[in-house]
Every structure is written in C-alpha cells, then in structure tokens.
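Only one chain is given next, in structure tokens, and it is the form predicted alone.
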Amino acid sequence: MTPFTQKIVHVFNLLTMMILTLLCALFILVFKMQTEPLPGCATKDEPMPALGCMPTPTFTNGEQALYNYGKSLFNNNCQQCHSSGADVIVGPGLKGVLNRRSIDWLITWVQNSQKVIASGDPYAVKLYNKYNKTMMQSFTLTTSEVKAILFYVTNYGSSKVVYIDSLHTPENKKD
C-alpha cells in the first residue's frame, strides 16, 4: 500500500471511531434522560423541550388546567408582541408584570389600552411613549381570560405556585 492510501485508511478509521463514540455518548445521554430527567425540565412521561427548559410548579389538576388555558390564550393573543419572560419583542416582557401593575389595572389595559392612555394614566402614557407610541390593540378577552393569562405568565419559570388573586400590588409600585 502506498503511504497516501495508508493515511486515507488511518483517517477513515479515526472518523469511524469518533462517530461510534459520539453515538454511544448520545445513547447514554438519552437513556439517562429517560431514567433521570433534569430537575424542572422533563419527566419520564413528558419529553424535554427543544430549548430552554423552565421550571414549572407542581399544580393541582385545576391549576394545571388554568395554566394550560392561560398559556393557550397567551400564545394566541399575546406572544406576537410579548414574551412570557423578560425579553422585549414589540412590547415589554411580561415577567414580573404583577410587580408593576395590579390585576385590575392590567385587565383594563388588556381590554382597552387606548382608553387607559386617553385617561391620562401616567404609567400607561409612559409605556406608550417608551415603546415608540406603538398602540397595543384592544382584546375582547373576559376578566377570567385575562386572569388565566396572568396566572400563566406569573407561574412561567416559577418553582412554586403563585396565586394571582392573592397579590395586592399598589398602583404606584415600580413606575
């Protein structure tokens, strides 16, 4: 065999060994995830999300249904402009929104933000100006639907259940 042919065979053998090693490592990782899921990211019955696993509290069946309903409403109405985390998309991320505004204020805002801005509400005007005078559309969501969205957003990434109706946030907090 010529030295060039020997080098090609040697490189081929090395590549084959590397591929086999990677396949073995992948197999071990998948097996381990099925038997020992990462905390807060997956269970034996529920696969690992594609990217960025967030912890989720342990809900009762009713709370889980409310969380899922809020998530569905969020995905269908809010995610085009907002993240459930801290990232700004078109409007602010909604992480910690109940630390900034009360539930009643948020319900009014979601249902008709233009009316809240027109009333001269200082925080509403500040938001409107901060986000380049982009008007948030009004939604025909009921109070219960907005609360479901807030329940989802508040519990997204939380390690314990947060009950939104028990939160009483003063209107002037974090202006």
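We number the residues from 1 along the sequence you see. Note that the structure is a prediction, hence the values are computed from the model and not measured.
We do not show the form predicted together with a small molecule, though everything after this point is about it.
Residue 85 within 4.5 Å of the small molecule in the predicted bound form, heavy atoms: So residue 85 does not count as contacting the small molecule.
Whether residue 61 contacts the small molecule in the predicted bound form should be assessed with a 4.5 Å heavy atom distance threshold; does it? So residue 61 does not count as contacting the small molecule.
How about residue 66 - does it come within 4.5 Å of the small molecule in the predicted bound form, if we only consider non-hydrogen atoms? It does not: once the small molecule is placed as it appears in the predicted bound form, residue 66 has no heavy atom within 4.5 Å of it.
Should residue 148 be counted as a contact of the small molecule in the predicted bound form, where contact means heavy atoms within 4.5 Å? Residue 148 lies outside the contact set for the small molecule.
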